[in-house]
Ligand code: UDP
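One chain comes next, on its own, written as structure tokens: the form predicted alone.
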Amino acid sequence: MSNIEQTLSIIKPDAVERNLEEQIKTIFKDNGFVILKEKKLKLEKNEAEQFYKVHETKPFYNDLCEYLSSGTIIVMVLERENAIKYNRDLMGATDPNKAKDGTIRKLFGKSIDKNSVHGSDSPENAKTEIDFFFKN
């Protein structure tokens, strides 16, 4: 029985600044993901705060919001079997120094904050995050 899922992926400002979006999209496609929707945009700080609301009690919340709203991002809806798990595996650990070789964060991440990509961590968050960017 297949478990086709959708997940949200964000190519963060540090990766967009370095023109890495095509390389990152190719990695997704080479790993069986279909990019269903995508758009390039710049969030206002208050929008980043809404997006990361789940983290608002954490010490890094303000920096995270500042960073996500600091430049252009690319948001995508990715689809494949077990998309959430595979995307998390493909992204690698939050800290690029601890990420496995070949993962997106190991290849392109600069720091824990500037780790190039975001991906949903659960089916519930995937739905919430996709709706946040792709409301009909």
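Quick note: we count residues from 1 along the sequence shown, nothing fancier. What you see is a predicted model, and the numbers here were worked out from it, not measured in a lab.
In what follows, reference is made to the form predicted in complex with ligand UDP, a form of this protein that is not presented.
A.B. asks: If the criterion is a non-hydrogen atom within 4.5 angstroms, does every one of Gln6, Tyr86 and Leu90 touch ligand UDP in the predicted bound form?
C.D. replies: Answer is no for this spot.
A.B. asks: Can you tell me which of 53-61, 73-81, 37-45, 24-32 lies within 4.5 Å of ligand UDP in the predicted bound form, counting heavy atoms only?
C.D. replies: Looking at the partner contacts, the answer comes out as 53-61.
A.B. asks: Evaluate Asp113 for contact with ligand UDP in the predicted bound form, applying a 4.5 angstroms cut-off between non-hydrogen atoms, and reply yes or no.
C.D. replies: Yes, contact at 4.5 Å.
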